[in-house]
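One chain follows as structure tokens, the form predicted alone.
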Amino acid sequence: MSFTIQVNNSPLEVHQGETLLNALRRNGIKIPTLCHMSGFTPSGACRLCVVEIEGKKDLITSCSYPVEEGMAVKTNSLRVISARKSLVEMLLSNHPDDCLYCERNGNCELQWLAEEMNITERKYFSQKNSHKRDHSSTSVYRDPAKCILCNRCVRVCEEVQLVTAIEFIYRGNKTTVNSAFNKGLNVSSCINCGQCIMVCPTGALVDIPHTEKVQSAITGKKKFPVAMISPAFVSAVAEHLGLKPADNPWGLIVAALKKAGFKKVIDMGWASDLNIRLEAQHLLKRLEDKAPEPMLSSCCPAWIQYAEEFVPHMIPDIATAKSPQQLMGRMLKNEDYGLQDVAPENIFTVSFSVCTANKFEASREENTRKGISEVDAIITVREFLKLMRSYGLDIRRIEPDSFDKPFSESSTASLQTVYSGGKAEAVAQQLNHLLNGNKSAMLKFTPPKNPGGRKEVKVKIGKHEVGFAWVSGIADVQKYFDDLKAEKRTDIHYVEVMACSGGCAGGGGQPIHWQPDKFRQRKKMAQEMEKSREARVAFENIQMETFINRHIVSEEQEKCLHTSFHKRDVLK
């Protein structure tokens, strides 16, 4: 049901039941907020969205107030503007004056609001926050002095990721956001997904940078820097810069990194194909053994850490295949078939990724061999864009180059791993090949159209009817597993699990944005790029198959492609 209200003396059509903020924004009227997040129950904590309603004595928070018939609203009266300005001025009163050095300079919501409200001088003075900075984590850095208590990171961590690694402590004007017992994030329940970074309006939460050590490796003479480019990274950069598949974003990124000083640039999609191959083999064995529980994917490091901390009983059902990042690092640093003209200890592997949890994954003990890390550094999309600016490189204006062999080719399946559901389909196609041989037709794998982050498909492969499912966002993941257990279902055999909503397309290392459907645009970009691949499925990557058949011939060599997981005790 729709009806009309008066807004700034003009009629405005609204829908019954929606909030005033939603109605105003839907009709092109900008209302500032700091605590509001689309899809979350409004809290009205920041009060920047206040409006004046005729007949009401106090200003009303539009994010939590439903529209009413006959209401008359003023969004830009002197009273409203003055109230909003005073709120921002008070937030600035104890905020650090280090904008020029801040990670979020130019991309800070508080900075934007100060400019929009024409705040040119300090009117309120308060003692500057002097909270201890937390740089204990391998992925996420916290600067509590820049926190404005908007509650966004706390809500995402608790309601979307079910981790509650950070929360409000103390009361009144002493309230802060901190981890359990005021300890560092490294001993908390944080899974390093980086979703808190994506919603933080200031620089209170950023990722631990690896840029300096990468630059040191590039400019030094001791190390041999090698860049590993993930398919999700390419789709994210292409979408952010407005590139089209015809522009050859792969080649542009390769050329830029070689100009920056990397000795070799390789396609991590090669390792994605290998990961798909290994998981399909594992799934086939479980089908033959009639395993009672579904097999769970192992390529998302944030999901792996969640499982180790919160559901360790599920660890035996997780695929043992290393993630594409670690597979690629392991290949490059293998003295038998890696870069044979370079000693493993001199190779400096840099993973270009959309995932902050990859930084934690690279530090795991299981991913080192003879004291040498498989992956030395991880550069997120945000760091890459800054790195290119620091080197004066515009990747849109250079000639494309090619990946270096022997890891230079990948299939459509590798691009499918960018978004939720793609990995499940890729594993299904590989399983079909294992059971039916090279001449088998492509499976008809049609995703259901039901809304939400969980979907299922059942396909007939050989004598088996195999159930595939995919789910993203830890809250949906946990609910799905709870439902499977409650309903005692045995018809699902493989579950693709991604910690971030939408899969890697919604990863915590992406450019900061305020569009809830941004991951869909990156998914569309990946699907467009899929059309340029000659090999449709993992087993059609002849380069990968030839390499594996030639070099992975013993049980010991096969073992290096797998890893193990263990229960992790943390503060909760």
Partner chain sequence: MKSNDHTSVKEFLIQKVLRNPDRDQDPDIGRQLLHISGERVDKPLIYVGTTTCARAAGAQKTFDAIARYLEENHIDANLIQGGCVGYCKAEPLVDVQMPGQARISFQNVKQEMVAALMDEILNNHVPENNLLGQYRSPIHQSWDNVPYLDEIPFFAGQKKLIMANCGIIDPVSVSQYIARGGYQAFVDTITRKTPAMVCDIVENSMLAGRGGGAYIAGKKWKISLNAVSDQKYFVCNAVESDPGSYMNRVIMESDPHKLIEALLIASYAIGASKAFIFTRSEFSLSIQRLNQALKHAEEYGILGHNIFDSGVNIDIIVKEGARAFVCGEETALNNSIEGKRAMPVSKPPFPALKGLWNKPTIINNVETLINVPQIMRNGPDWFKSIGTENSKGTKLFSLSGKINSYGTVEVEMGTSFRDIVEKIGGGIKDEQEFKAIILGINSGSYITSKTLDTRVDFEELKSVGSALGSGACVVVDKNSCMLDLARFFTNFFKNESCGKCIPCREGTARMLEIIEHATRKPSKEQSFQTLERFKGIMQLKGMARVMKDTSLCSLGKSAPNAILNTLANFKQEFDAHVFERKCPAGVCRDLKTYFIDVDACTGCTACFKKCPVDAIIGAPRQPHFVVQDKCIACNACFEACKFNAVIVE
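If you're wondering where the values come from, they're calculated on a predicted model, not measured in any experiment. Positions refer to the first chain, counted from 1.
Another form exists, predicted together with the partner chain; not displayed. Remarks below refer to it.
**Student:** Can P516 be called a contact residue for the partner chain in the predicted complex at 4.5 Å between heavy atoms?
**Tutor:** The answer is no: P516 has no heavy atom within 4.5 Å of the partner chain.
**Student:** Test of understanding: in the predicted complex, would K463 fall inside 4.5 Å of the partner chain by heavy atoms?
**Tutor:** K463: no contact with the partner chain in the predicted complex.
**Student:** In the predicted complex, does D317 have a heavy atom within 4.5 Å of the partner chain?
**Tutor:** Output for D317 is no: heavy atoms all beyond 4.5 Å of the partner chain.
**Student:** Look up in the predicted complex whether G44 has a non-hydrogen atom within 4.5 angstroms of the partner chain, and give yes or no.
**Tutor:** Yes - in the predicted complex, heavy atoms of G44 and the partner chain come within 4.5 Å of each other.
**Student:** Counting only non-hydrogen atoms, choose the one of 382-390, 349-357, 490-498, 142-150 that falls within 4.5 Å of the partner chain in the predicted complex.
**Tutor:** Stretch with heavy atoms near the partner: 142-150.
**Student:** Consider the chain as shown here, without its partner, and state which of A291, A260, I169, I398 has a heavy atom within 4.5 Å of the partner chain in the predicted complex.
**Tutor:** None of the others qualify; the residue that does is I169.
**Student:** Have a look at E54, E69, E534, D58 for me and say which one sits with a heavy atom within 4.5 Å of the partner chain in the predicted complex.
**Tutor:** That would be D58.
**Student:** For the heavy atom contacts within 4.5 Å of the partner chain in the predicted complex, list the residues of 114-144 involved, in sequence order.
**Tutor:** Going through 114-144 in order - heavy atoms within 4.5 Å of the partner chain in the predicted complex - the hits are R122, K123, Y124, F125, S126, Q127.
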